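As C-alpha cells, one chain now follows by itself in the form predicted on its own.
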Amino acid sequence: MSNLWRLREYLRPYAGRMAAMLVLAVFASLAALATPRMIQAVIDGPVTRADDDGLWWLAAAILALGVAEAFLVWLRRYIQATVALGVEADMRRDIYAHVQKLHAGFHDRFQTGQLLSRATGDLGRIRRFAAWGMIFLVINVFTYVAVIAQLLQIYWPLGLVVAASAVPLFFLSRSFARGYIRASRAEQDQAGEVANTAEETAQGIRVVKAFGRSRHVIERFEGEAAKLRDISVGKVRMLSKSWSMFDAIPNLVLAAVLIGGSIAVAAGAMTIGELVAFVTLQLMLVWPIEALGWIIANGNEAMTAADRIFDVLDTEPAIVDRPGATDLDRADAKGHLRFEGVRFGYEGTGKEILTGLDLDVRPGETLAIAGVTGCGKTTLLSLAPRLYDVTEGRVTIDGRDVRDLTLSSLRRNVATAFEDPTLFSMSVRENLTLGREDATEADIEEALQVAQAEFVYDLPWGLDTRIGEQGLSLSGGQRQRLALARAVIVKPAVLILDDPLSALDVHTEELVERALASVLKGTTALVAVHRPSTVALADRVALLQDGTIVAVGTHSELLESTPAYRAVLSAEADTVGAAA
C-alpha cells in the first residue's frame, strides 16, 4: 500500500479540484438519498389522502432533485477525468525524464518492453484508480453510512439486519483482496513480457525474415500471449466468483427485508410509504456493494502498478553530477585525454574488462585502439563521455577528472559515433543537429561533406525527409555516415569513433578518411580499430590486450616491434576478407 500512498505526491497539485469533486459527490449523494423520503411523503400523503395538488408539488420536487443530481454527477465526472489524466501525464513525464538520467548499465539489463508496459498499461491502471476507484470508494462509503442511518431511523430492527450484512462482506472482501493482488502483479509482469517480445520482433523484423524464422517468432509470441491469457482468465475467475457473492448477499438481505417489512406493515409498525422508502434506500446499497469487488480489484491493480512504476523511479542514477561539478567551456578545452590506472567491469558479471589501464592522448592527436574482438575497445571508448564510470582510477580531460565536470558540458565536448548507429524517427536535419541545435546550414553542409553523406539532398524532401524507425529505410553505410556527420557537426574537443566506417565500401571509406583527417587536425580523437584500413586515420596506435595497454607507437613502429600487433591486424584482415 505504501507505493500507492505515494501517489499523493502527484495528487497534491490537484487538491483544489479534488476537494470540489468530493463536495459535488456529497451533494449529488444527498440529492439521491432525499428521493426515497420524498417518495414516502408522496405515498403517505397525497396518495393516501387523494390530494392531487400536493402530488404535483412533490413530483416537481422529485424531478428537481433528479436534475440536480444529474448535473452534479456530470460536473464531478468531468473534474475526475481532468485530474486522472493530469496525474497520468505527470507520471509519464517523470518516468521518461528519469529513464533518461539512468546510466547505460540500467538499460543493458532492463527490458525495453517492460519499460513500455510500465509507461502505458500500468499508468492506465493508476489513471482508472485516480479517476474512478478512489472517488467511488469515498462516495460508496458515504452512501452506505448515510443509508444505514436512514434505515435505522425508519425501522431499526430491519435496519440492523441490513447493517449486519456488512460482516460477511468484510471477510469476503479481505479474502478476495489477498488473492487478487498476487494475480494482478503476475498479469502485469506477463504483459511486460508480451510487450517486450513484440518490441524485439518488430526491431529485428529483417533478421527474422532473412532467416525464415517467422513461424518461430509467432510461436514464441503466442506462447507468451497464452501465458498472459491464462493468468488473466484466472484473475477473471477469481473476480467473478467474488462478484457473485457480492451480488448474492444484498439480494438475500432484500428478501428478508420484504418479508419482515410486510409483517411490520401488517402489524402497524410501519406505513406502506415507509416500507417503500426503506426498500428504495436499500436498493441504493446494491450498486455500492456490487461495486465493492470492482473497487478492490481496481485498487489492487493500481497498487501493483504503483509498485512496478516506483521500481523504476526509485532506481538511483549511477552517473550524475558530483557536488561542486563545474562546466568545461569548449573555448578553453584543449582535449588532453588521459586514462590513469583505469579498472572497469560490467555490473553483475564479476569480471573485469579493463585491469589497470594507462593511456595518454595528446591534444589534437588521433590515437587508434587496436585489439582482438572482445578485448574491451568499445568499453574503453565509453568511459570518456561517462556512458559508464570507471571502477577504479580516473579519466581526465585537460587534467580534470571527467566526474568533476557537469555531464551536460562533458558531452558537449566529447562526441561519439558508434559502429552500430542509432537514428530516430525524425527528419534528417533533426537527426544531424541532435547534439547541436544551433548548427547553421554551413555547419550541416560541412559535416555531410566530411561524412560523404550528401546523398541526403537526393531524398524526397532533402534534409526535411523523415527517417523511418531506427533508420531502416537507409542502408547500413548511409546510417553510419549520418551518425558520423552528427558527431562531426558538434565540433567537439574530443571525438570518439567506434569504427564508424565498418559498413562503407573501400572507395567511400577512403574519401571519408581524407575528409576526416582535415577535420581531426584540431580535435583529439580516439578511434577503435576493427579493421586495418582504419589505422590510416591515426597518428599513433595503442594495443589493448588482457585489459591493459601493452604497446603504444606509430603503425610502422608497432608492426616492426610488436608481434601481437601484427597478429591482431592479420586476424582483422582475415575477418574483413572473409566477410567480403
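Predicted model only: the values in this text are computed from it and were never measured. Quick note: we count residues from 1 along the sequence shown, nothing fancier.
What comes next is about the form predicted in complex with a small molecule, which does not appear here.
Undergrad: Consider the chain as shown here, without its partner, and state which of G124, G374, P168, G399 has a heavy atom within 4.5 Å of the small molecule in the model of the complex.
TA: In short, G374.
Undergrad: Give me the residue from T379, T143, T416, Q114 that has a heavy atom within 4.5 Å of the small molecule in the model of the complex.
TA: Checked against the cut-off, the match is T379.
Undergrad: Work out which of the listed stretches, 287-295, 226-234, 348-356, 329-337, brings a heavy atom within 4.5 angstroms of the small molecule in the model of the complex.
TA: This holds for exactly one stretch, 348-356.
Undergrad: Looking at the small molecule in the model of the complex, is some heavy atom of each of D108, Y388 and H530 within 4.5 Å of it?
TA: Contact check passed for all of D108, Y388 and H530.
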